[in-house]
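Only one chain is included here, represented as structure tokens and corresponding to the form predicted on its own.
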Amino acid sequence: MKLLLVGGPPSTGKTTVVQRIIEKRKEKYKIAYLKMDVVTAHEEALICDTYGIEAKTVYAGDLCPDHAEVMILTDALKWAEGICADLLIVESAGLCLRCSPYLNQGVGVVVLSMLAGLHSVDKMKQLICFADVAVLTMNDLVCQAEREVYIRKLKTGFEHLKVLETNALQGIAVEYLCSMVDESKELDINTLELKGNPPLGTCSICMGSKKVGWKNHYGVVRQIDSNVSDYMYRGD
């Protein structure tokens, strides 16, 4: 079985890109679709009703969606194998922009909207850096100069990253993504792991505390003048 993992911020067009890929490869592969979200999602019904393929939704609840995805991924692979799928497409909510859902196998796609602005590339480095290809959507809604600067920032900041401009509504340039899936190797579940380390985030806020101020919390805490790398740990 092959794996296609699609991540990116909300409302960038991830599901639309997934739909175009399904349309182009549903005759070649038996496809299973998994949607990873927080508390609500409607994509499962859309994919099932439109394409008649097996689909499943998993809600992260109090967990980070990408963390929850890592935890349930082997179960998801077994589910897809159980229905004899040739291709599993996982769409991740990817909300915090610091966690990276991408794996050492399969094809990792990050979908980015050019409407987010030029500085959005710098704000999403952790999310972008482990992806195999960046799909740029809504490029027809920005000027040519902004498009060129945006693409240059991606290519200079992430030299390994393939960059693809697409109009996902019409399916333009999606065939390139399909070819990447075709050329990818089948999964080896025994050696499957994340490409990068998730950020450290253990604190009493994660445990449900509503108190304000670092002196009222335990675990990894931050003060206003501390640097990003200056972690302080309070408690046992």
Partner chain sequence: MKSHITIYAGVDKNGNKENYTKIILKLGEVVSIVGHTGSGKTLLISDIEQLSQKDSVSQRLITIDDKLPDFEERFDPEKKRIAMITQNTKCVSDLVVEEFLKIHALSRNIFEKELVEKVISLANKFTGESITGEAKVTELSGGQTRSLLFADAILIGASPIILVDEIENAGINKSEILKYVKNENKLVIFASHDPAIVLATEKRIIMKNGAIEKIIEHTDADRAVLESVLEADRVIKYVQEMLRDGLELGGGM
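Positions refer to the first chain, counted from 1. If you're wondering where the values come from, they're calculated on a predicted model, not measured in any experiment.
Heads up, the form predicted together with the partner chain isn't pictured, but that's what we're talking about next.
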Listed residue (129, 118, 83, 71) with a non-hydrogen atom within 4.5 angstroms of the partner chain in the predicted bound form: 118
Assert contact residue (the partner chain, in the predicted bound form, non-hydrogen atom within 4.5 Å, options 76, 142, 99, 124) equals 142
Contact with the partner chain in the predicted bound form for residue 148, defined as at least one heavy atom pair within 4.5 Å: yes or no? yes
Flag residue 114 as yes or no: does it have a non-hydrogen atom within 4.5 angstroms of any non-hydrogen atom of the partner chain in the predicted bound form? yes
Classify residue 173 as contacting or not contacting the partner chain in the predicted bound form by the rule of any non-hydrogen atom within 4.5 angstroms, answering yes or no. yes
Examine residue 103 and determine whether its closest non-hydrogen atom to the partner chain in the predicted bound form is within 4.5 angstroms. no
30-38, 189-197, 51-59, 173-181: which one contacts the partner chain in the predicted bound form at 4.5 Å, heavy atom to heavy atom? 173-181
Contacts with the partner chain in the predicted bound form, stretch 151-166 (heavy atom within 4.5 Å): 151, 152, 155, 163, 164, 165
